[in-house]
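Just one chain follows, in the form predicted alone, and it is written as structure tokens.
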Amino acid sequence: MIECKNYINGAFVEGSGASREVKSPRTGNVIGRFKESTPSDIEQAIASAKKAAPNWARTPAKERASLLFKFRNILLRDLDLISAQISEESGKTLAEAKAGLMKGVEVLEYSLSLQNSDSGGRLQVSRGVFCEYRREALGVVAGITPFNFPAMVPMWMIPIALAVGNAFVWKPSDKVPLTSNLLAKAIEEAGFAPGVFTVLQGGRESVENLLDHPGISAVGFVGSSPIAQSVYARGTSRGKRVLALGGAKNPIILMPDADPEIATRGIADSFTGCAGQRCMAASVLLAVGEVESLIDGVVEKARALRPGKEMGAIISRESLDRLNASISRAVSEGARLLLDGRNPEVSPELKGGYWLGPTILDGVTPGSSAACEEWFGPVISIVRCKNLSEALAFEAASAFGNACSVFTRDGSVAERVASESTAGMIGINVGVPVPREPFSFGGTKISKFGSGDITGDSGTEFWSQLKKITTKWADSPDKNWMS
């Protein structure tokens, strides 16, 4: 049993609010507890962060990077420990938990490069007149993160925000708060000054208090699209800079000429990885023309994946019940089950967990829930398309715009999808097209509210601002508009 706490002003302290339980999706057992943060807890935390922020912003970039490098090394040293915690509280397999943390470390390594690559600029624009820019921190900023990646998504935000000189306040998901204490311990061991990094536990009320607090300058959010829209509207109405990433209904376009091994493995891995609980998972297969043998290959590979071994759990009983009901509704509306993952066999010690195996629905009608709504589970809906134009029209009509992939051996087809797709991230023979640093992560349409992206160079811009300085010291005989 883990007693999960807030991390405020360099110390682990209990919240003052109601006590909450944390259950493992793998077993259904209670594995931790925490107390919610009250407005007074949040006030204390932000006061500490505001006190620390100016000194941290004045710290030379190379010294900030030195502490982040120590943080990186501690995370790698404790990789197994942290990954085991991620797996237990989120339901991921251990391999998925490690992969997520390592992707977060990759963003951290990008942030280390800023000390050398983001050096500002100075130029003589007229005789005796110089212009320059300086990158400056925003002050105290906040990150609000989801249950599906307890370490990776926070690590999209924390390293870059700290590297450019902000004090960072993190509100993790109330479903997976335990990993946050391990990251806070790593921050503490690395030697960051009290107040530079803060963790606040809580639920919706804590999010609203952070969005309303005048001491927070910017907010990053990742979650479902309805909540992302609400967070964006509330935060910007309070004058904050907000980037809120939402959900997805990612299509994969399957062409008849696709490489059978690459396509079948890529599609199966995309919709089953992390039990489908990731915003980059494929959830619609746009089957163009005669692709029956390829679909058979996807079914075969998906059927071999066993919940509790190669696949992780669904986050909660409520989510599992919703997914089961959605599958039943799709079948009642005419969809055909090629693979039914409901009520899978798991080992005895996992019987109390929340499990759903790979599920494949064929003959799904465009416009139906199975084709258009985000379900967030290991379910893929096959929509039959006569040609590529019909598949692209389906993609363009989606309200979401996170990712779109195509499996083909035809370069002209691949280029057409890359050019005409309305999504923010495109995969060509890649089922989960997550960009690698320094290429940034972000979608379009209702998959993102705000401008820019959350990682890479775009993330650097979001967590900072540029100050422009024009200087003239010596008089010059030249006459121009600046004289």
Ligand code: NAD
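Please read all numbers here as calculations on a predicted model, not as lab measurements. Numbers follow the displayed sequence, beginning with 1.
One more form of this protein should be noted, the form predicted together with the named molecule, which is absent from this view; the next part is about it.
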Quiz item: Thinking of Ser173, Arg204 and Phe221 as the candidate spot, does the named molecule come within 4.5 Å of a heavy atom on all of them in the predicted complex?
Solution: yes
Exercise. Just give me the single entry in Ser405, Asn402, Thr272, Ser283 that has a non-hydrogen atom within 4.5 angstroms of the named molecule in the predicted complex.
Key: Asn402
Quiz item: Considering Asp362, Glu88, Glu96, Glu374, which brings a non-hydrogen atom within 4.5 Å of the named molecule in the predicted complex?
Solution: Glu374
Practice problem: Among 386-394, 73-81, 224-232, 108-116, mark the stretch whose residues have heavy atoms within 4.5 Å of the named molecule in the predicted complex. | Solution: 224-232
Self-check item: Interface membership of Thr198, the named molecule in the predicted complex, 4.5 Å heavy atom rule
Solution: no
Self-check item: Non-hydrogen atom contact Ala167 with the named molecule in the predicted complex at 4.5 angstroms
Solution: no
Exercise. Decide whether Ser381 counts as a contact residue for the named molecule in the predicted complex under a heavy atom distance cut-off of 4.5 Å.
Key: no
Quiz item: Does the named molecule come within 4.5 Å of any heavy atom of Gly312 in the predicted complex?
Solution: no
Self-check item: in the predicted complex, residues of 231-266 near the named molecule [heavy atom within 4.5 Å]
Solution: Val231, Leu245, Gly246, Gly247, Ala248
